[in-house]
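Only one chain is included here, represented as structure tokens and corresponding to the form predicted on its own.
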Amino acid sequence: MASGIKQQERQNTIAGWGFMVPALVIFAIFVVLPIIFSVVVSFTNWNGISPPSQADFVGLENYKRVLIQSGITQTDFYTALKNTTYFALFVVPAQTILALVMAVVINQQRLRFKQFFRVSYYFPSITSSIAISLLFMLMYQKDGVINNFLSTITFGLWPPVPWLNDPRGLFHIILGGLGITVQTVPSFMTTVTIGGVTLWNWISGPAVSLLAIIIMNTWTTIGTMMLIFVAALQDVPLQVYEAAAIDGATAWQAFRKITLPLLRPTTFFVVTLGLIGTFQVFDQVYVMSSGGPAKTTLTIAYLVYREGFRNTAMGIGAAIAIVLFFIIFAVTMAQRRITEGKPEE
């Protein structure tokens, strides 16, 4: 009897490993080995053209040039960090809030044509980002649909906006409207630098060109986040809402006291996906602006591509990629602390 049980356990173990090994091999080849290779390359001056064996070991020199040593590499990295941070700060809250609102509306029992709305909202998320980027490039032209629409609703008072060619920061534009310009701010704002970027430029906000990409990226991602929220909402027992209604709770009170607390784990998941996606944004920038104008849409992921493949500095590119990984990890952990800081009610 005991031998039969052991034999069955052995067969189950062999079967389990039989199913796992192919996936583990694929994971090792396409994920683990490239990560190890990137880490090794980040300590060399490999140019990406010659055999890697011919590259010289330079230690932490690449990381020093990216993070500490004054120069174009450091300035570009911190410029990209600033742009990527603004991108995340605008996209993640917008896509999370809009996705939640859309999910709550679609989850209503009385709503008709639910499947139609789900497909319509989700369709941009599965459409090629390159195709969408090209479409928005046409829409953002001076004589494009967006400028024509703004001109129509303002009766011609809205001048055409060079959406993809305006390097001005959004906060700088607002401050300029209040009479605060680079000429009127204290001198230390233009002389003190952090990573080669002046304090005045750090508070510039997203450029108009980056804002255009932010709007497009938000529109293309809310569909996926919406479906995640819909799945979570459908797991909330209806009896909870019925009990709240009997106690006299309004729809807003039920949403605030029941829905939001129960959706806290889902919200953490959605925000985490949003942060990872925004810090890795590349394809829209590559198609629509290539980091311009004046590097106002330069992101960290695009900088990795530019250094590695355009400037043939794979060592620098790999070092930036490793730094990006730690940035994403740190931001995700901080966001987890904030999201799960309070015990669930």
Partner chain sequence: MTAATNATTAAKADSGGLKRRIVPIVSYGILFLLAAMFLYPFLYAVLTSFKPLPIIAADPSKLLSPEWTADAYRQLRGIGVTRWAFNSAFIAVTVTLVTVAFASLAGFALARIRFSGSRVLLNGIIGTMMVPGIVLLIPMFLVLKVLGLVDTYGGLILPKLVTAYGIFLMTQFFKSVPVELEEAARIDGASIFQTYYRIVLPLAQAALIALTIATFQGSWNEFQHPLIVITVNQDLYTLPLGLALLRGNMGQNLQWNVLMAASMLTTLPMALIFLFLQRYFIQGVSYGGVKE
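Residue numbers count along the first chain shown, from 1. Worth saying up front: this structure is predicted, and the values here are computed from it rather than measured.
There is another form of this protein, the form predicted in complex with its partner chain, and it is not shown here; the text below is about that form.
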If you check Trp163, Phe77, Tyr121, Tyr86 against its partner chain in the predicted bound form, which one has a heavy atom within 4.5 Å? Tyr121
Would Ile222 sit within 4.5 Å of its partner chain in the predicted bound form, counting heavy atoms only? yes
Check whether Ala244 has any heavy atom within 4.5 Å of a heavy atom of its partner chain in the predicted bound form, and answer yes or no. no
How about Pro52 - does it come within 4.5 Å of its partner chain in the predicted bound form, if we only consider non-hydrogen atoms? yes
Residue contact check: Trp158 to its partner chain in the predicted bound form, 4.5 Å heavy atom: no
Among 171-179, 127-135, 245-253, 198-206, which stretch sits within 4.5 Å of its partner chain in the predicted bound form, heavy atoms only? 127-135
Counting only heavy atoms, which residues in 34-70 are within 4.5 Å of its partner chain in the predicted bound form? Pro34, Ile35, Phe37, Ser38, Val41, Trp46, Gly48, Ile49, Ser50, Pro52
